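Starting off, we have a lone chain in the form predicted alone, written out as structure tokens.
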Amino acid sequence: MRMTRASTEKSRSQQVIERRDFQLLLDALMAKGYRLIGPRARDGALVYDEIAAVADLPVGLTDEQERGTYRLKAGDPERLFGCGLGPHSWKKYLYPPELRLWQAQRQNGNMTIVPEPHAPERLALIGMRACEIQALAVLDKVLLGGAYVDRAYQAQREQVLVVAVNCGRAGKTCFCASMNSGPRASTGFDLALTEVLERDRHYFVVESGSKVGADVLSAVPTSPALEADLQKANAIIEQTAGQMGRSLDTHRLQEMLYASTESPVWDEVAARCLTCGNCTLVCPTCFCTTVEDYTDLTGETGSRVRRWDSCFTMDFSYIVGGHVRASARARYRQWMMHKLATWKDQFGTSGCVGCGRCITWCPVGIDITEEAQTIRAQNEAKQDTGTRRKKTS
């Protein structure tokens, strides 16, 4: 990862780009050799795909999300970034769902391994939200921070430029404020935009977060952000922080989860959970994979492929002798405990960034914040009972 990210507000400049000049920002990125990836509306949902023009963005659209519910609908007709998060996360461009690791060929009775090149692309990710930037920081710790570095991820990560968009509206399943991961992007970006739409003016307050971002911005018509511009942008973000549809109390949560491995909550969740794995597939930080080997019918060529997997599948925990987590109870507990507790032991951070995707895209509406609160209530009730017993003994 480039080490040019600004670490203090003092090192950053803030400018204004008028709406009429926004295409010039995209043009400047493409002129520097970046392939642009941004939000697009497709098949009734927001997806991340290649863009080249403002018209490719979901202009005038917003979304409505609740547990097990998602739909796009008409919003402010002029707003470029009125939609929140869709089912896709940006990780698919750095940690792809399918990656061929190598190929093998048999020639003259000898087997030759052909390494896969994994040539990275210069990608500019347009419209990344603060929680998703935090998710990338989490993946960096997982895939780059340990003794075993994911070389394919590392190569692509170094070629990524991030254009963040500060959220102007919180969804009903969002709880990033609880996880200190939003709605304002504070680090990990090259440029960060706040969209300001007034009756007679439409503009973006832009903050440079790296030298690379500042160089791109220098190729675009801008004006210095006035105090009034900054106040309006800050007011939008503060309003969003107060609109969170969900919250998660993280105080002593790890300790409470460890004390609740046999809680009846897991049975109650298991009675509803379909073990479909949707929550892991939409999650921006889940990184579980499996490896599969293929050969052709002649046995002359073969390949090894890495694919995304899920801890909700039976085979994921299979070892000789059987499945370690054969029940829905065990699999949901593993997922939630890992996200909110054991992930911290492994990587020093939470595995959840509060994006709310797992709530929206769960077909039966299981809510991780609700389950955590239930466990908290049970723990507190147990502690109160123990305290009363001590006083009466």
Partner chain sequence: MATRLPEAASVTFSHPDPMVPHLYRVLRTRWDTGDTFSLELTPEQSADIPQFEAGQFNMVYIYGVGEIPISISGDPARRDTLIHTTRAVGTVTRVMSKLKVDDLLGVRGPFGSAWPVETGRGKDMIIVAGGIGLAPLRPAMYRILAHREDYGRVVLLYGARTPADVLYRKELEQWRSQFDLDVFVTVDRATGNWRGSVGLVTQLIGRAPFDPMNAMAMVCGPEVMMRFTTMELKKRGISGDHIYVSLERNMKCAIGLCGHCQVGSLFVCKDGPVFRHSRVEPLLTKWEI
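Residue numbers count along the first chain shown, from 1. Here the structure is a predicted model, which is why all the values come from computation and not from measurement.
Here the subject shifts to the form predicted together with its partner chain, a form of this protein not shown in this document.
Peer 1: Looking at heavy atoms inside 4.5 Å, which stretch does its partner chain contact in the predicted bound form, given the options 218 to 226, 308 to 316, 164 to 172, 232 to 240?
Peer 2: Heavy-atom contact with the partner occurs in 308 to 316.
Peer 1: Give a yes or no for H338: in the predicted bound form, does one of its heavy atoms lie within 4.5 Å of a heavy atom belonging to its partner chain?
Peer 2: Answer yes; at least one heavy atom of H338 falls within 4.5 Å of its partner chain in the predicted bound form.
Peer 1: I'd like to know whether R252 contacts its partner chain in the predicted bound form, with contact meaning heavy atoms within 4.5 angstroms.
Peer 2: Although its partner chain is absent here, R252 would stay clear of it in the predicted bound form, with no heavy atoms inside 4.5 Å.
Peer 1: State yes or no: in the predicted bound form, is some non-hydrogen atom of S181 no more than 4.5 angstroms from a non-hydrogen atom of its partner chain?
Peer 2: Close contact is absent here: in the predicted bound form, S181 is far from its partner chain, nothing within 4.5 Å, heavy atoms only.
Peer 1: So, L143 and its partner chain: in the predicted bound form, are they within 4.5 Å at any heavy atom pair?
Peer 2: Answer yes; at least one heavy atom of L143 falls within 4.5 Å of its partner chain in the predicted bound form.
Peer 1: Taking K73, Q378 and A381 together, does each of them reach its partner chain in the predicted bound form with some heavy atom inside 4.5 Å?
Peer 2: Looking in the predicted bound form, the three residues K73, Q378 and A381 all stay beyond 4.5 Å of its partner chain (heavy atoms).
Peer 1: Under the 4.5 Å heavy atom criterion, name the residues of 251 to 284 that approach its partner chain in the predicted bound form, in sequence order.
Peer 2: Residues within 4.5 Å: Y258, T261, E262.
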